[in-house]
Ligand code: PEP
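Next comes just one chain, in structure tokens: the form predicted alone.
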Amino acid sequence: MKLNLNIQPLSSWIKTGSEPLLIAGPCSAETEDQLVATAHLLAKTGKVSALRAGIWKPRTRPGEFEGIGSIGLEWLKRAKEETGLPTAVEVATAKHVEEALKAGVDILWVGARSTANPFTVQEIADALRGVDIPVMVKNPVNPDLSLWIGAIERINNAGITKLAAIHRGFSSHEKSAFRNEPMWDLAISLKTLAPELPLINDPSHITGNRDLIGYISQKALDLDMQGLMIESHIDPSVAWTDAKQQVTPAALVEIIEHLTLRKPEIRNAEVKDKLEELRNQIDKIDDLVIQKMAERMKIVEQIGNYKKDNNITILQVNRWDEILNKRTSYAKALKLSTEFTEKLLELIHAESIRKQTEIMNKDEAGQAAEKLTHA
């Protein structure tokens, strides 16, 4: 089911300048000179549509630099006056909203930690009622699509129609090359549910590493995201926060110029026909896969009944290991990735376990319900 959002097009509230849409600036406003100098260099690139800077910085632990505070809003105002760049800041309380609006900030965003707390989001939404300003909502820290959607809906219900989502990745216990796992499937799910909602990627927070920003940026654009938010500092080596993920304005230009922009529309009739032909082939194969999966599950039910009749446990570890080893080896020979094959098999196995558990407990559940009825 599609989300029922009232949203204005991205082009109605921000000038793209050049493709892709780019919001850039330092992780934190540290000093007036640092912020204004960075803003001038970014403006000279001709590629930046808005200047971002952290004014209030909620940190994981106390004692770390938590932002310069309200005085930084005056620095942003000066940067805007001198460069013409619209400004964007993160707000986490009603007071932040009030001060940012008073200082003439052009765009607000709700951070990942705030999105995770519906009380905080509602406080921000209430402070925005009656205000016509663009608001961007980052995904929550944890991989919860409903929390992300809920935050977007709360802001939209407050009357904000200039709205966008920011994909900045999700916290994960698994070690990887990224600071925050992209979990692209969640971003794709949001785009599917709200195709009219602009989705902007934040490769800086996903990677935590400036060397990977170009890679993530390209993938985001290939997935039809509408823009990028990249942290840029005049001298990242001395940045007070997140130094490793910030790039100089010159490095930012190099990243952007190496990106390949692709269009979601298919304009060439010959290409369109060929894609349609290939997609029809996929549809037929998908139908067969689902048909065979249904046949497999019928056999699973037979196995479940047999195990129940013979008092055999549902889980047979040796059998599962055998399936996993044989199928992954076979799949590898057919050029399928081991990761994909294992995930697919685990999903099928989980459904098989569920079906057999249902069969095993059918009579017991019925007896329990009967006892409750006569209690």
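When you see a residue number, it is the position in the sequence shown, counting from 1. Given the structure is predicted, the values throughout are model-derived calculations rather than measurements.
What comes next is about the form predicted in complex with the ligand, which is not displayed.
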- Given that the partner is absent here, state which listed stretch (121-129, 296-304, 183-191, 107-115) has heavy atoms within 4.5 Å of the ligand in the predicted complex. 107-115
- Message: Taking the ligand as it sits in the predicted complex, is H96 near enough to touch it, meaning that at least one heavy atom pair lies within 4.5 angstroms?
- Response: no
- Partner contact for P58 in the predicted complex: the ligand, 4.5 angstroms, heavy atom: yes
- Message: Residue-level question: is H205 within 4.5 Å of the ligand in the predicted complex, judged on heavy atoms?
- Response: yes
- Task: Give a yes/no on whether K138 approaches the ligand to within 4.5 Å in the predicted complex, heavy atoms considered.
- Result: yes
- Item | Partner contacts for 149-177, taking the ligand in the predicted complex and a 4.5 Å heavy atom cut-off | R168
